[in-house]
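Listed next as structure tokens is one chain, alone, in the form predicted on its own.
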Amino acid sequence: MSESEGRTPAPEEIISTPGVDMLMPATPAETMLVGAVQVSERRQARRENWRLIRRRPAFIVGVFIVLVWAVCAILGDRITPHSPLDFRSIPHLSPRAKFPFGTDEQGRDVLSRVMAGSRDVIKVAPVAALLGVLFGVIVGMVMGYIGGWVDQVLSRIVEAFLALPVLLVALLALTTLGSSTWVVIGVVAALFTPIVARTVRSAVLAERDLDYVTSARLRGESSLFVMFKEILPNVSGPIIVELTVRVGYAVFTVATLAFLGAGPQAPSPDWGLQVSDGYNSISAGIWWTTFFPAVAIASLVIAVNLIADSVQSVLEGS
């Protein structure tokens, strides 16, 4: 065996050997280039996803229903056939031409009250869902990116909140703090925060070791910059899905709290309160005072779920 065959090759010889240089670790410049390509590809994918979402029939139907109730909430008394608060007719009239949804126990037009009652739900539910997602994103980003003992402590707190019965906690909080609009918004947002945080944490864990994140670290960017400028846009898909889903849950939660007496009080035309007020009349055959507000709640929840399902289907590629 010759000397050249028996000795260990020098490092520079390994690097210069054809076909081996591709096995060498990527340089910082190469990592930054790959990271930039990943960011560009994901931006293009987000634009394409939004185009596909807008073409989904379920999305169009859901947006239309939501817009109808939004218009009713914004314009309120200006477009209702009658005043939602005035006693203008005989109590408990069944649906007819002048009163398509009938009248309630005090002679008020149920159609007008259903239209005006959308205001409380539209005003509270989206804001509560948005705040819950906002706080959940912040907590989830910190948990997923920083990790370590911070993740362990916050994960235990999130798990403790998730173990609590939602409605019981909400009722207890509203009984203690009052049932003003902002208290209801804050309580519902607090209930949604740990759920969103867990979802965002999982998404961040799948992103934090990719090349574009490493590229940002190599540029010397701060942790806040990496989390909210680099990672956040690339986990926007799950966050958007969570937001749309939480709006639907918020509508149902707010209406349920009003039904249980922990929301707006009479003479408010709130949907949940209308269902509560007319519930005892069903046994007497007076079904319309409960049926139409309940249908309004169901239609809004279904519409939001149609939007959420459309977004989720496109993002998951189904």
Partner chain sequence: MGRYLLRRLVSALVTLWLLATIVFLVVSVLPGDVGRKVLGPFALKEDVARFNHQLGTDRPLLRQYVTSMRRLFTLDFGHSYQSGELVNKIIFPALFRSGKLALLAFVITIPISLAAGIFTARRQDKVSDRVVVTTGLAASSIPEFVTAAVLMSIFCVHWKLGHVYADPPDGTSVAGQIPYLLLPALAMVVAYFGYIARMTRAGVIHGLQSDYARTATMKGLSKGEVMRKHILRNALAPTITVISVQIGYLFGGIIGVEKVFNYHGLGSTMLNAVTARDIPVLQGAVLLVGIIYMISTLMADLLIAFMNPRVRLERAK
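Just so it is clear, the model here is predicted, and its values are computed rather than measured. Positions refer to the first chain, counted from 1.
One more form of this protein exists, namely the form predicted together with its partner chain; it is left out here, but the text below deals with it.
For the candidate spot formed by 207, 225 and 314, no residue has a non-hydrogen atom within 4.5 angstroms of its partner chain in the model of the complex. Contact check for residue 260: a heavy atom falls within 4.5 Å of its partner chain in the model of the complex.
When its partner chain is considered in the model of the complex, residue 44 lies well away from it, no heavy atom lying within 4.5 Å. Mapping the unseen interface onto this chain, residue 169 counts among the residues with a heavy atom inside 4.5 Å of its partner chain in the model of the complex. A residue is said to contact a partner when one of its heavy atoms sits within 4.5 Å of a partner heavy atom; residue 135 fails this definition for its partner chain in the model of the complex, lying far away. Residue 159 is the only one of 86, 77, 105, 159 with a heavy atom lying within 4.5 Å of its partner chain in the model of the complex. Picking from 110-118, 209-217, 149-157, 123-131 the stretch near its partner chain in the model of the complex, with a 4.5 Å limit on heavy atoms, gives 149-157.
Along 274-302, these residues reach a heavy atom to within 4.5 Å of its partner chain in the model of the complex: 275, 276, 279, 280, 282, 283, 285, 287, 290, 291, 294, 295, 297, 298, 301, 302.
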